[in-house]
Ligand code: MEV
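In the block that follows, a single chain appears as structure tokens, in the form predicted on its own.
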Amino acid sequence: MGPLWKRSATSPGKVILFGEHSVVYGRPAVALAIDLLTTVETTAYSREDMTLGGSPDAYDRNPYLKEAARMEGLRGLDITVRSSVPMGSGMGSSAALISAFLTTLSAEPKDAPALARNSFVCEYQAQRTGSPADTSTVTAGGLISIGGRGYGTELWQVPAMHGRGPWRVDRLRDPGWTWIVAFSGVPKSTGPRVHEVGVRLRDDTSHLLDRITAVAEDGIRALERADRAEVGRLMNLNHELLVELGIGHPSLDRMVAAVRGSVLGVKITGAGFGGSLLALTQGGDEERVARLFSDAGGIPFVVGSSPQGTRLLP
């Protein structure tokens, strides 16, 4: 018997400009949807089994799809995924996967606030920790802030989860710059890393959360002014704080050393412990800096913003 229906959706990746880890505790963060896309095609059958690319085992090994299907009460689906976002890179691969998959489950476009909330619940349940930064960013597209007092035009709110939150999600004005993301090739797993940071923060006496928050708030103001040099300076400061938080890695250190002096700013983006760096140049020399990252062992991506978030494809 043939398929009952088939639908496709696409979702962008993301980078965190300021505030990773602290956003888990309700502090402000800034994130940007980037033009690396994940496309999910879902085909429904009258059978009961669930497959990923035709494989039941591949589906069983994917906690994000399993949680999303469990939440929706679905069976009899085959899911195909095509993505230019490396897994475990800190560029929102799981958030893009969940948001796009949930979007394929309806023939009509999803309500964005509901999609962002449901995607966060799925990711949180799969990881057992985290914040709505990734899922809200890929759903909304463009430049947004999450948490804090509200710094732009409100898009939606995400309810508290297990004592953390709620989070307000705002649209910020995107300066439209080109960025470089350099993947270390060392994948990270967000859930355990967020837990490790939480353990460290319980004993923190240096007010790291407050210091990261202050940088994020200054970063929001600098982005609103499109002050490229100040954003770069604050990225460098944020990186130092994240290293102090203990989420660095030797591969990241090598790449930072390779481009320091050639960029305005470079910092860890995402959970750290591997993953990726985000860099901002003077403008126009992104390809040269990308080669420096590559020579240092990184996998560089020259990216722009994706103004459009998750969407159902025709």
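The numbering used is simple: start at 1 and walk along the sequence shown. Just so we're clear, the structure is a prediction, and the values are computed from it rather than from any experiment.
Just so you know, the form predicted in complex with the named molecule exists too; it's not on screen, but the next bit is about it.
Based on heavy atom distances of at most 4.5 Å to the named molecule in the model of the complex, which listed stretch, 47-55, 277-285, 263-271, 248-256, is the contact stretch?
Result of the contact check: 263-271.
Does the named molecule come within 4.5 Å of any heavy atom of S184 in the model of the complex?
It does not: once the named molecule is placed as it appears in the model of the complex, S184 has no heavy atom within 4.5 Å of it.
Residue-level question: is V24 within 4.5 Å of the named molecule in the model of the complex, judged on heavy atoms?
Output for V24 is yes: heavy atoms within 4.5 Å of the named molecule.
Going by a heavy atom distance of 4.5 Å, is I16 a contact of the named molecule in the model of the complex?
I16 belongs to the contact set for the named molecule.
When the contact criterion is heavy atoms within 4.5 Å, does G148 count as touching the named molecule in the model of the complex?
Flag for G148 set to no.
Quick check on this chain: which one of V121, V194, L105, L201 has a heavy atom within 4.5 Å of the named molecule in the model of the complex?
For this set of options, the contacting one is V194.
Can you pick out, from G232, G130, G88, G165, the residue that has a heavy atom within 4.5 Å of the named molecule in the model of the complex?
Comparing distances to the named molecule in the model of the complex, the residue within 4.5 Å is G130.
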